[in-house]
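Quick setup: one chain, the form predicted alone, written in structure tokens, and binding and motion questions come after.
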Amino acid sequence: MIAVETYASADQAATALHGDAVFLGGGTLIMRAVNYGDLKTERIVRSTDPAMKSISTSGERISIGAAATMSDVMLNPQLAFLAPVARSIGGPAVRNMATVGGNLFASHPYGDFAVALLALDGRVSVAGSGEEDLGAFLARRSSFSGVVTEVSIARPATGDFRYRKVSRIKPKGVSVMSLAAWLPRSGGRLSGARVAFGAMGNTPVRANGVERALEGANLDVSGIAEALRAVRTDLQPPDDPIASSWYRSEVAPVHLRRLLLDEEVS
């Protein structure tokens, strides 16, 4: 028998996470494990803290509560640039449950929303702790025990954020890969670009070589040529039933070009 404990605040829930207890967000990951008998715990902890659903803007950044769902994101005008990302996560029933915080823990080949957050300079806040870089958090997520309360991201200028999900089944198939890019410009040239990939490693990853190649470049065919050559050195794509490592490596430059040039795909 699994006991479910509900706490009014995220801090209380975090304190209750001891032993083999697990935290329940939207339930798309944990309840699947429960249904298949794969969850090795006797305690599930959850929180009804309303702050974990909030979405707010401060200066050049936006804070998204970890309990905000994909549907919440799609309905919020402040997050219009993230609506296509949220829409790519499952179908309506899944989007009504799947949370921003939960997506950070979605294992390969899922976690497409986390890819977008990583490209947008995501920072994770944890109950009873401080804020940390999303990339560092993802690197340690397998050993994480706590409650993520919110994710803060940069607010991109209009047209500076791009996202693509590549899948074999449209519109909501599992990712062959996902890509996100934040492309700020200064004087018409790229400055501080961030590019992230999903389903190209154990967690979403930044393409550091691509970012270096894009610095100071024009966002055109000749300007991105070096970045396309660099992309394979940044990634260690896995083999899985969706696609082979070889295939992912081969098509990564193609999809990166389409993303950067905002090319339509028929």
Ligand SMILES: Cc1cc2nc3c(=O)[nH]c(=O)nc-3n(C[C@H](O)[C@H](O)[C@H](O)COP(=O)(O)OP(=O)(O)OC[C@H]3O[C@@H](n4cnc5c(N)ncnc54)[C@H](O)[C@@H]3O)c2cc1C
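Residue indices: 1-based, along the sequence shown. Small disclaimer: the values here were computed from a predicted structure and weren't measured.
Keep in mind the form predicted in complex with this ligand is missing from the figure; the text below concerns it.
Peer 1: Select from the listed residues V94, A157, M74, A139 the one whose heavy atoms reach within 4.5 Å of this ligand in the predicted complex.
Peer 2: Flagged contact: V94.
Peer 1: Considering non-hydrogen atoms and a 4.5 Å limit, which listed residue (A227, A217, M52, V205) is close to this ligand in the predicted complex?
Peer 2: Looking at A227, A217, M52, V205 one by one, just M52 meets the 4.5 Å heavy-atom criterion.
Peer 1: Each of G122, L190 and V210 near this ligand in the predicted complex, meaning some heavy atom within 4.5 Å?
Peer 2: No, none of G122, L190 and V210 comes within 4.5 Å of this ligand in the predicted complex.
Peer 1: Since the chain is shown here on its own, which stretch among 179-187, 106-114, 192-200, 128-136 would lie within 4.5 Å of this ligand in the predicted complex, judged by heavy atoms?
Peer 2: It is the stretch 106-114.
Peer 1: Answer for P237 alone: is it within 4.5 Å of this ligand in the predicted complex, judged on heavy atom distances?
Peer 2: Outside the cut-off, so no.
Peer 1: So, in the predicted complex, is I64 in contact with this ligand at a 4.5 angstroms heavy atom limit?
Peer 2: So I64 does not count as contacting this ligand.
Peer 1: Going by a heavy atom distance of 4.5 Å, is V22 a contact of this ligand in the predicted complex?
Peer 2: Judged by the heavy-atom cut-off of 4.5 Å, V22 is in contact with this ligand in the predicted complex.
Peer 1: Taking any heavy atom pair closer than or equal to 4.5 Å as contact, tell me whether V231 reaches this ligand in the predicted complex.
Peer 2: Outside the cut-off, so no.
Peer 1: Where, within 76-91, is there a heavy atom within 4.5 Å of this ligand in the predicted complex? Residue list please.
Peer 2: If the 4.5 Å heavy-atom criterion is applied to this ligand in the predicted complex, 76-91 yields S88, I89, G90.
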